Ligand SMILES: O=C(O)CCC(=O)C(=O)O
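Consider the single chain below, provided in structure tokens and representing the form predicted alone.
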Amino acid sequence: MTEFKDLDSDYSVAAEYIEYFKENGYIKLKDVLSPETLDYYREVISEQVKLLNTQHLPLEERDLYHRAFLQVSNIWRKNDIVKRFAFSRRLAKIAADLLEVSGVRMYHDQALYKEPGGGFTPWHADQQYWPLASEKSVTVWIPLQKTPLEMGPLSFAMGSHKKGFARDLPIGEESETKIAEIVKRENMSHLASSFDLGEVSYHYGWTLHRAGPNSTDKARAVMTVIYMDEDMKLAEPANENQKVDRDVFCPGVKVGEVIKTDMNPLLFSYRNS
């Protein structure tokens, strides 16, 4: 297996980065991974998405959600090369530092490929799907190529993680309409911006975000890893989506127990340093 040292080397998370993340609910960081690392893993991850994707309807025959992207989860359990990427100590340590926790576990990984001509991703908050007992969860969003506005990069409603808005809305037409109204009413900034190669973003599970359509002739290839506090406990599922996630990503865990199954490996901990 080809080795890339930047997957394990430390990335300095300055105090002002942590404060920005806490205040705004997201942060974009440049030069986190090298072009060589991303070029290599883009090929491997893209091949796995082709292999594992179960969505084969033409775009025009899909609903809003499935026009937004191809979604493949837990690739780390199916391919050891992708596992090496998803288990990156560098990425996990950044997550722990931003969350200000002693360590982080995997909740799950997820490839999100917006096909050429793929539609917009509606406004939503990820943690609507997660039965987690605290807000100490974060997603790293890793574009595997340079991502201009035409490809549909993320845009975040700044400070929305602290407001408690729309937490009962699953992603879809209703979440797009209602959250857009809330963002406008509350005057929350949410400008989309391009991602350079090697630039990644981190956002809280409760941060409201969306992405535009992909109007280019190339797929917007993105890999994500969702991290949670190493001491995260299972909450009573608040909706049907959370019941599904509990069964798939937290098998056998009871409400109030720490989520630490084989599906939730420890990816970084200062306790073990």
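Please read these numbers as outputs of a predicted model, since none were measured by experiment. One rule holds for the numbers: they count along the sequence shown, beginning at 1.
What comes next is about the form predicted together with this ligand, which is not displayed.
Of the stretches 83-91, 160-168, 186-194, 123-131, only 123-131 has residues with a heavy atom within 4.5 Å of this ligand in the predicted complex. Residue-level contacts in the predicted complex: of Val200, Val101, Ile179, Leu112, one residue has a heavy atom within 4.5 Å of this ligand, and it is Leu112. Proximity to this ligand in the predicted complex, defined as a heavy atom within 4.5 Å, holds among Ser34, Thr224, Ser46, Asn239 only for Thr224.
Remark: Met106 does not count among the residues lining this ligand in the predicted complex, judged by a heavy atom distance of 4.5 Å or less. Among residues of the shown chain, Ala211 is one whose heavy atoms approach this ligand to within 4.5 Å in the predicted complex. This ligand in the predicted complex comes within 4.5 Å of a heavy atom belonging to Phe69. Proximity of Thr147 to this ligand in the predicted complex: non-hydrogen atoms within 4.5 Å are absent; the residue sits far from the partner.
Looking at 131-154, the residues that come within 4.5 Å of this ligand in the predicted complex, counting any heavy atom, are Thr139, Trp141, Leu154.
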